[in-house]
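Quick heads-up: it's one chain on its own, the form predicted alone, in structure tokens.
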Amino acid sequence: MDKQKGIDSLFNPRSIAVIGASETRGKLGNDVMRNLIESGYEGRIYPINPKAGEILSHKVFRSVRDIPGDVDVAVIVIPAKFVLKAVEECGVKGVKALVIITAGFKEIGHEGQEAEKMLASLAEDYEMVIQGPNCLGIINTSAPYNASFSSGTPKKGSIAFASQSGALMTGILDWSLMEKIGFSKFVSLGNKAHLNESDFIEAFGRDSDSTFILLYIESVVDGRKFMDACRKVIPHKPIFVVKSGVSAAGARAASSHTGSLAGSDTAYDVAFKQCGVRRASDMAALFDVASVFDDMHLPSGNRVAIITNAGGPGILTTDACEASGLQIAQLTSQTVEFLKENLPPAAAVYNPIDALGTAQPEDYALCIEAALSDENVDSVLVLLTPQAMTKQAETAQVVVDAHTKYPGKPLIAVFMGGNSMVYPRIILTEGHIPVFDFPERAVHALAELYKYTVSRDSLKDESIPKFKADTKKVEKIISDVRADKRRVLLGSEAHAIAEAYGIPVARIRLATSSEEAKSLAEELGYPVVLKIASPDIVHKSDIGGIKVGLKTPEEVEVAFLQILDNARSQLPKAIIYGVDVQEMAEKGKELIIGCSRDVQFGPLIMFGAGGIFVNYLKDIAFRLAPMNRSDANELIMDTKIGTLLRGVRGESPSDVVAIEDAVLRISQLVTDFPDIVELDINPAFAYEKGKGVSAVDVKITIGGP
């Protein structure tokens, strides 16, 4: 079904039925009716109530089936046990979209969850969309209409806001009315039985009334769909998210380095980064950014001019800018000379521009205009503190006038103070100037907008590389492991899978006796490494399960017996298949490349500094598979070891292209085989440019049947 067509009807209905409408104040059915009427909705309103009669001067119908005309949207506010029947009646009637405010579904347990599945099934059967259940409702200020039980309707604006929490929305709505922040759409996601955050992101992206998208989410229904929707929208509109809660993937025990190092929220952070979403730390930061964007153009760069009447706040703002990735603009010589000629001799003119505590509105006017007209300045922060000679209201008007004259660059005010700043802030707000109490919030909001432009411009429509691979061989190995009722692959099996995908590995063979171990060592060539082969022993070095640098048959025999003895004495219940004999790879820079599988987003690839201290150094970065080459390069360069791989202090650079290839081949492997839930290559040795990379120790765990 075409969900977007259904959302179009939801956003702009010609007629709305309220199933459960009530004439009793205080009941949800009455609140929804009042909000619809008081919001100025001009379409037809059909109250539905078995008692019939009239509600708020509107004729009441006993059932949606009795309505003579078409119904675009039905808002359902009846007890949960009657909802499924009402939904089916709406389907038969041909209603295009439903807003189910009623609670009592999956949030109450299994029975409610099953009812919710039936709601989604009915929506598909009748080709209608469902918002909710257990939601606040929906508000479209452009239509206008308010089909919610909120205690007011937000001011009209260009921010589209969707929230998984209805209670949070009521608080935000009340606050926004005080702060005069406007919205285009106000959507409560509820339980997301049918429509979810991805569907609304796509709809907001197509909505001409919405230019800025804000989300509060606790989870995403479909990670890939979410990322695809964001990638489609972000080149045109910013998406800022507050994400709370933790994923189920992070709660499970992880046996691999990758699984243990990937925190519960890592996949969300990585997903947001890869698709250009900016993540806000809290709701205040979210709306700080929105307030700046709503009234300003995006900054074309990160160069900031600071204008102040006090040195301390100017220094604080400078520090905040540098900490946030913004650059203090170097003013042109013409600007500096102009300021010298027009400001008192004691004024600072090199940025921050300190017009001194005696600064009058006309001083601020010439400083702001000089900064806005300077080609080296991308945005301007105006600070004001209340001093004896300060004229707050007149200075606020100067800021508004300057923005009117130079609308192309962001101009943000920080008016520090209490009662004396109330009226000046009103002047600024009404003049479409974002105003803050303290500089740190203003700087953070500006920095986030700049970072959005960077992430937006870095989104590349780059193809995913496809390498030749022996998938039949991998299928056979995994099938044999399952037949053996195991989930952890032996070293020889894991290395064979890596080889099948063209990942350079140190050759490895399984020996079940010391004689076989000596024979295999001769075949592979000395020196060799011996490792215990057991699915129950993941970290072999911890129990003396590895011997390295063996150069003779005698050393191999002694090591073989010692390894078995160590394993049996320390882990007597471990199942032992024998000992792996492996050629000893030439030493290089130690790397780790791995994968764990996130419930929402799928394969999460890790790269970083490898070796035995990986869990302690934690020099790691993550990306979601499948990856393109830019993703792989950024993954590597996000780590400290990535810097070393370029070559430092006269050292030759490592073979970064070969490392990228190894990362991309692993990305392809875990994408092709969802059975692989954890994979670690630790260490992988990186060699000089042109000499490649070698996977020394490969561990793979597959999921249950």
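Everything numeric here is computed off the predicted structure, so don't read it as measured data. Just count from 1 along the sequence shown to find any residue number.
What follows is about the form predicted in complex with adenosine-5'-diphosphate (ADP), which we do not show.
Of the stretches 577-585, 146-154, 187-195, 407-415, only 577-585 has residues with a heavy atom within 4.5 Å of adenosine-5'-diphosphate (ADP) in the predicted bound form. The closest non-hydrogen atom of K540 lies within 4.5 Å of adenosine-5'-diphosphate (ADP) in the predicted bound form. Using a 4.5 angstroms limit between non-hydrogen atoms, L177 is distant from adenosine-5'-diphosphate (ADP) in the predicted bound form.
adenosine-5'-diphosphate (ADP) in the predicted bound form is approached by I546, whose closest heavy atom lies within 4.5 angstroms of it.
Remark: P683 counts among the residues lining adenosine-5'-diphosphate (ADP) in the predicted bound form, judged by a heavy atom distance of 4.5 Å or less.
For the options I477, A500, V336, A506, the residue carrying a heavy atom within 4.5 angstroms of adenosine-5'-diphosphate (ADP) in the predicted bound form is A506. Proximity to adenosine-5'-diphosphate (ADP) in the predicted bound form, defined as a heavy atom within 4.5 Å, singles out one entry of K96, H444, R623, K531, which is K531.
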